[in-house]
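Quick heads-up: it's one chain on its own, the form predicted alone, in structure tokens.
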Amino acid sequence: MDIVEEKQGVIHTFKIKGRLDSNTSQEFEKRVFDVITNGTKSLIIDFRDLDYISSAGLRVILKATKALKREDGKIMLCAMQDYVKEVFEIAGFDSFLPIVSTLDDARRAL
């Protein structure tokens, strides 16, 4: 898994490429919580190049969502492939997580 981080104003974006699973979720969790701990309250996760997400990856997203909510922050998810979006729908995450089509849409929503 490759992770590219971008900061644009107050918005921190993570672009994930590859697989977010039990082998890679710890690294992703550490990087996400580093930026939250350092004061980021607007987070975008770009899934355009994500090939696969497991329950371990979903757990990291859930933990980040809860941490941001405690800090009055926001998270946006964007650019999911249909099969990745289906995982979020099956897990019921789409009912409480904002998922938009593009990175630009995510930036506008924050």
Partner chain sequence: MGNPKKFSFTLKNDISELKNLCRQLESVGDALGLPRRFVFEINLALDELFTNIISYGFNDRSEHAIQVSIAADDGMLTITVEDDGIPFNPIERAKPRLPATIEDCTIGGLGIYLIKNLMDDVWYRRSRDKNVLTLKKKIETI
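Here the structure is a predicted model, which means the values were calculated and not measured. Numbering follows the first chain given and starts at 1.
Omitted from view is the form predicted in complex with its partner chain, to which the following refers.
State the residue from Glu71, Asp34, Glu27, Asp51 whose non-hydrogen atoms include one within 4.5 Å of its partner chain in the predicted complex.
Flagged contact: Asp51.
With the distance limit set at 4.5 angstroms and only heavy atoms considered, check whether Ser42, Leu103 and Ala109 all reach its partner chain in the predicted complex.
Checked in the predicted complex: no contact with its partner chain for any of the three.
Using a 4.5 Å heavy atom cut-off, state whether Phe93 contacts its partner chain in the predicted complex.
Within the cut-off, so yes.
Determine whether any heavy atom of Val87 comes within 4.5 Å of a heavy atom of its partner chain in the predicted complex, and answer yes or no.
Val87: contacts its partner chain in the predicted complex.
Applying a 4.5 Å heavy atom distance criterion, does Arg19 contact its partner chain in the predicted complex?
Contact check for Arg19: yes, within 4.5 Å of its partner chain in the predicted complex.
Can you list, in sequence order, the residues from 40-71 that come within 4.5 Å of its partner chain in the predicted complex, counting heavy atoms only?
Stretch hits, in order: Asp51, Tyr52, Ile53, Ser54, Ser55, Leu58, Arg59, Leu62, Thr65, Lys66, Lys69.
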